[in-house]
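This document starts with one chain, in the form predicted on its own, laid out as structure tokens.
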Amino acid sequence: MLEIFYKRRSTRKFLDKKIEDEKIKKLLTAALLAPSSKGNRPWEFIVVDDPALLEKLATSKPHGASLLKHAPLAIIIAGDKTKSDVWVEDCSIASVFIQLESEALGLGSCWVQINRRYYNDEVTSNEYIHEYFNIPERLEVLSIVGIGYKAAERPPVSACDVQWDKVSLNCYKNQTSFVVPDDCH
């Protein structure tokens, strides 16, 4: 499993190639298997493959969403705020499960943050997306994951990129026995 963590990189450029239904089903299965607080499963998913709708998603905020215009698939991850007070955390886990399964299937993905972002000065990204996708008010859009076949492979993260200085043992900044590999110094 760690190999996927090293290999997975955000993909913003995709091939113009449809994703097979069986792979989409696996992506959704991964999301639906994600853990949630008290087993509430507050998430709901909207699968988007219509180019006109992907273009709408690409304009849901001024920066960071344009990659969706050329993605063959996007999954909107929304949380039911009436089911859980930690819907953000639960939906975040589901979003990451989608990204990890994407990598396992040989696909690329990129998280697009929607929660607490704005379409313009007066309309939130969440409100904008609600308008086009018939989303009930009880649901808040956390993120959109753009998915597709990678236009280019990026090199994986190396063991030297792991920031062991962010790890403390028993007390903040107490050194751990986990050390940086010798060939990284």
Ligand SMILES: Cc1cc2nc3c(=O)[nH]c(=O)nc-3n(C[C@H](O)[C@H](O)[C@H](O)COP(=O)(O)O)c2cc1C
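Note that residue numbering begins at 1 and tracks the sequence as displayed. A quick note: this is a predicted structure, and the numbers were derived from the prediction, not measured.
This next part talks about the form predicted in complex with the named molecule, which is not shown.
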Worksheet item: Quick one: is residue 111 in contact with the named molecule in the model of the complex, heavy atoms, 4.5 Å cut-off?
Response: yes
Worksheet entry | Residue contact check: residue 38 to the named molecule in the model of the complex, 4.5 Å heavy atom | no
Worksheet entry | Interface membership of residue 138, the named molecule in the model of the complex, 4.5 Å heavy atom rule | no
Fill in: 4.5 Å heavy atom contact, residue 10 and the named molecule in the model of the complex
yes
Worksheet item: Since the chain is shown here on its own, which stretch among 25 to 33, 119 to 127, 60 to 68, 145 to 153 would lie within 4.5 Å of the named molecule in the model of the complex, judged by heavy atoms?
Response: 60 to 68
